[in-house]
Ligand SMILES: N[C@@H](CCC(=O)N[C@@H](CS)C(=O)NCC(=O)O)C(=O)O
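First comes one chain, alone, set out as structure tokens in the form predicted alone.
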């Protein structure tokens, strides 16, 4: 049995649960982090010394870092569709998974933390204003890619989409003063993702 440690409103937990659902895996999800606490306890620290979610547990194996968990689940289940075995094809998928971490997450994370998780009287709106044009540039780059192909890494749904998809929903639901450029191809991509039941159930949640 696969056990996923992490609360469902964490964007990194979302992508792991979505992956499990796409693979048709039986799993148990355990609420930890945020209002559920437990990250500072010795039991969780023994699993992940970084004390962050998600953590995946399976038959004594412990894996942390969300994109690594996605890779592990896809590879261990032989899902060539999500994560190709061919090195060149796999690189096309993994470069976008890393792009999410290095390029997309920093500006969107700043905006999200300030507008959703920070009390209004404590928000750093200058940080939001600085992050918005950076985020717009990242989305424009992706919009150009999606003008030529239906999914992030090509013609089919892959682990690259599992990494990017939760951020698309988050971006379209951030409140003002977050700004959004017109991105017709990203918008069409978002609608394609929303046709997947597991994406709707686990990634299209209210921002909290």
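Positions refer to the first chain, counted from 1. Not measured: the values here are computed from a predicted model.
Keep in mind the form predicted together with the named molecule is missing from the figure; the text below concerns it.
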query	finding
Residue 11: touches the named molecule in the predicted bound form, heavy atom cutoff 4.5 angstroms	yes
Contact of residue 39 with the named molecule in the predicted bound form (heavy atom, 4.5 Å)	yes
Interface membership of residue 65, the named molecule in the predicted bound form, 4.5 Å heavy atom rule	yes
Close approach of residue 52 to the named molecule in the predicted bound form, 4.5 Å, heavy atom	yes
Proximity to the named molecule in the predicted bound form, single hit among 154, 177, 45, 34 (heavy atom within 4.5 Å)	34
Residue stretch of 155-163, 177-185, 26-34, 135-143 approaching the named molecule in the predicted bound form, non-hydrogen atom distance within 4.5 Å	26-34
